[in-house]
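Given as structure tokens, the chain that follows is alone and in the form predicted on its own.
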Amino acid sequence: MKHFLKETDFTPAEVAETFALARKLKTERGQRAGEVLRHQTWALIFSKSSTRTRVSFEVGIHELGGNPLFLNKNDIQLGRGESVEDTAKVLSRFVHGLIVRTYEHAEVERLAAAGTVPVINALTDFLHPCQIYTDAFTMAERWAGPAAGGAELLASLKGRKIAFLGDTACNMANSWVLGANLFGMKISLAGPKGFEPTAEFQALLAKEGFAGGYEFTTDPMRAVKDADVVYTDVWVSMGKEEEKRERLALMAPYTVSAEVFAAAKPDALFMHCLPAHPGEEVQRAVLDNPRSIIFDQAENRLHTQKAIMSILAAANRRG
């Protein structure tokens, strides 16, 4: 059974296939009804609230011909003490795939291990692979040109540099380090001392063959030097609200200001997975800059996730 729990669950060839299919689905949207998930129901198990993730997956499943079934964790027995394993086994008898947005990464791994349907990680506190594939596709659209195929889209990322500022120990930073190494990019993290990638994440990086595949600095200007993309995320993620005052104080030097953005390459792109908090991790002037592509990212969640679901459905039919 093939799953999508982390960036490296797809091979480079499958990454190229994802990008090519995302572009095709984006171009053809509205021209024909989807058939890939025809007569299938995919369940969305969400422990965290969402705008982009929920809407893009529900619309995407529908456009591929399937039926989305939204399950708030607290509305099913999983929220009342039923084991993850029993939940996976039961739902596998009813649905054709599980899309999971939760806190502990181990939960998606346990669902995948116990169930008999594909599982997609729609976000955990450790990784956010759907967002990273979307972001990489959004960059490649800009750099590879309108006629590029999947291999050319992926190749357009090679050697590019991304600078990630702020909470450099969060799931988005982890996923971008893993993704950058998979895509052949360079990545520089700039955050407060003590926010280096965790030992758990470094162990995963080493296991995937990417040990040491990032730079960590406390100097934001060093990180953005020669960067093709400047990226940030909120400083207070869901579940970290009690740390808000401390985090805002620690990370204030890492705001993506107009000055910081100007220190990157002259044609650098600004990216943010949203929602954004103007005046905290990024200034409004940067969000509104013509080189800010935050809403292209948001739209491309739909197309990229449709491609991921299509590839998983096809792979598991073959299996």
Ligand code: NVA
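All residue numbers are counted from 1 along the displayed sequence. It should be emphasised that the depicted structure is a prediction, and the values quoted were computed from it without experimental measurement.
Keep in mind that the form predicted together with the ligand is not shown, yet the notes after this line are about it.
Residue-level contacts in the predicted complex: of 202, 156, 237, 218, one residue has a heavy atom within 4.5 Å of the ligand, and it is 237.
Residue in contact with the ligand in the predicted complex (any heavy atom within 4.5 Å), chosen from 250, 293, 268, 274: 274. Contact check for residue 227: every heavy atom lies farther than 4.5 Å from the ligand in the predicted complex.
None of the heavy atoms of residue 188 is located within 4.5 Å of the ligand in the predicted complex. The closest heavy atom approach of residue 88 to the ligand in the predicted complex falls outside 4.5 Å. Heavy atoms of residue 177 never reach within 4.5 Å of the ligand in the predicted complex, leaving it off the interface. Look at 68-76, 229-237, 105-113, 92-100: in the predicted complex, residues with non-hydrogen atoms within 4.5 angstroms of the ligand sit in 229-237. Annotation for 128-151: the only interface residue with the ligand in the predicted complex is 128 [heavy atom within 4.5 Å].
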